[in-house]
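The data below hold one chain only, encoded as structure tokens and taken in the form predicted alone.
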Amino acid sequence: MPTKSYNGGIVVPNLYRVESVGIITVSLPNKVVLPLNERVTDKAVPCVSVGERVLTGQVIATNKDYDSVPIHATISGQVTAIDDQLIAHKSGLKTRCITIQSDGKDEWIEQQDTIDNYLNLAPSVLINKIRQAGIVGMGGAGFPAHLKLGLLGLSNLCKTIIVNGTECEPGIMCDDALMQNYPEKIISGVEVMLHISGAERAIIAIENDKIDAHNALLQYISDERISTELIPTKYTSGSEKLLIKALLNKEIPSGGFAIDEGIVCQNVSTVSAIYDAVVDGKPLVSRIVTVTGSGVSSPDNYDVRLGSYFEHIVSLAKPSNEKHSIRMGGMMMGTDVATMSVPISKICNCIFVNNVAPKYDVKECIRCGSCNQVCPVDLLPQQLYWYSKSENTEKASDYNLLDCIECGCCSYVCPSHIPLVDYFSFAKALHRKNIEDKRRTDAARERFEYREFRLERNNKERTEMMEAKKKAIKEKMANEKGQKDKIAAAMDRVNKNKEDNAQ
């Protein structure tokens, strides 16, 4: 089968390949820590209290906002805390979490009825089931799954579903394991999405080094609307816009989104969770996580309960006794974390445990142009670097700074070891700050100008009112004087008549 590609990108060797792509089910953790917000969603409000016993799958926090999803208990046990705790986030800040101490029983709530034929249910019913199951994009974005399907599915605007099974970052193999071990569930999940969205077709994109996963899926495809496409094994094939370009030869414009073109993209793990929610009535309480890196001797894939600490599964991969650096997500676009005492979230697909190595010395740019050649979105990183370094964000924006997906290809190939992505990330933040500062300045100026206008208008109205009053008083006085003169004249006439009659 021919492969479809795109310009730019790099080939990063997978130095820590999992030899046997299986899935190890991890034992129950002693406790879980569950954050009350999922990346792009609003913070949920707890509906349980400290000391309360909860069951696996029970809703423990919810939000009235339809754009958000509820939080579920991932083990049974007692709520021991509702407080701020450290999570795996690049900010290094704490967020509100619910801590549950396990009772070792894993006692579930009463499961919703399984659905033998979801085709008999309206798409809106199934979309609500997906939302109530707490499903978000599990490839790293964390966007609520029900919103993508609902925005296009309920308006009959969805044309194409793309299932992202590329897993382009080296080292991550959880989706590969999922496709090889549960291919029937993946295909059934795609069929559920087709029914909900009314899409004309669904394309499963797989990198061409995952032939076993590709063949496993082919065995269960019976719907002619579902097809597979092989994508070159290079980074960053999993980026949504690049995937659309490679598969459909369609470019999503700057600032645009796939849904604007009638396209819904979902990760393989998200599709599996959608199947569990719709067909089996199960909320999202666990996920598959790859543990790999130079600091472990047995990299593998683990099915682990959400909220478990990193160290709960890292210990199973046989970490070395050396000092480690920990990274959540990909080695290229992941997030560095300071400790393994942070919880696994819905967007945590991989934990890199690397032995700490000396960093390269950063040198001056030699203008080789290598960064320009590998940029998958056709930017000019060298130019962006100079403007970002000098904090000239306006000029950097002219070179489409905001279109940078921060994939790190430019940094990877830079012979001077310049952390280009760090500069671009900083410039983006500074640009947003400048825009916000300008907005506030403009708003303050508008408020000041309006205040001056209002004061001037009030003074003018007050002056006009006073002049009108004075004029009215003068007219009144004039009228009163005229009346007095008339009365005086009438009295004179009366007196004169009296005098004439007296004579």
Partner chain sequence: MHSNTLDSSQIMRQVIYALIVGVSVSFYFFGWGILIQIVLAVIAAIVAESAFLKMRNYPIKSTISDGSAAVTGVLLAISIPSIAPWWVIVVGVFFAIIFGKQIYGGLGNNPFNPAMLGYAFLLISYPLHMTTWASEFVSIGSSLDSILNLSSVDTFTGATKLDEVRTQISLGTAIETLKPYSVSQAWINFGFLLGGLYLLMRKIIFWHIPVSFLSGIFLTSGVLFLMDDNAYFPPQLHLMLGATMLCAFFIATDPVSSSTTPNGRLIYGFLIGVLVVIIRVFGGYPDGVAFAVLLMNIAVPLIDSYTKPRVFGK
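What you are looking at is a predicted structure, and each value in this text was computed from that prediction instead of being measured. Numbering follows the first chain given and starts at 1.
The discussion below concerns the form predicted in complex with its partner chain, not included here.
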item: Of C265, M331, L217, V192, the one that lies within 4.5 Å of its partner chain in the model of the complex (heavy atoms); value: M331
item: Residue (of Q383, T335, S102, Q180) lying close to its partner chain in the model of the complex, criterion heavy atoms within 4.5 Å; value: Q383
item: Proximity of K323 to its partner chain in the model of the complex, heavy atoms at 4.5 Å; value: no
item: P144 within 4.5 Å of its partner chain in the model of the complex, heavy atoms; value: no
item: Non-hydrogen atom contact G165 with its partner chain in the model of the complex at 4.5 angstroms; value: no
item: In the model of the complex, S227 touching its partner chain (heavy atom, 4.5 Å); value: no
item: Segment assignment from 103-111, 134-142, 403-411, 196-204: heavy atom within 4.5 Å of its partner chain in the model of the complex; value: 403-411
item: Stretch 366-397 - residues with a heavy atom within 4.5 Å of its partner chain in the model of the complex; value: I366, R367, C368, G369, S370, N372, Q373, P376, V377, D378, L379, L380, Q382, Q383, W386
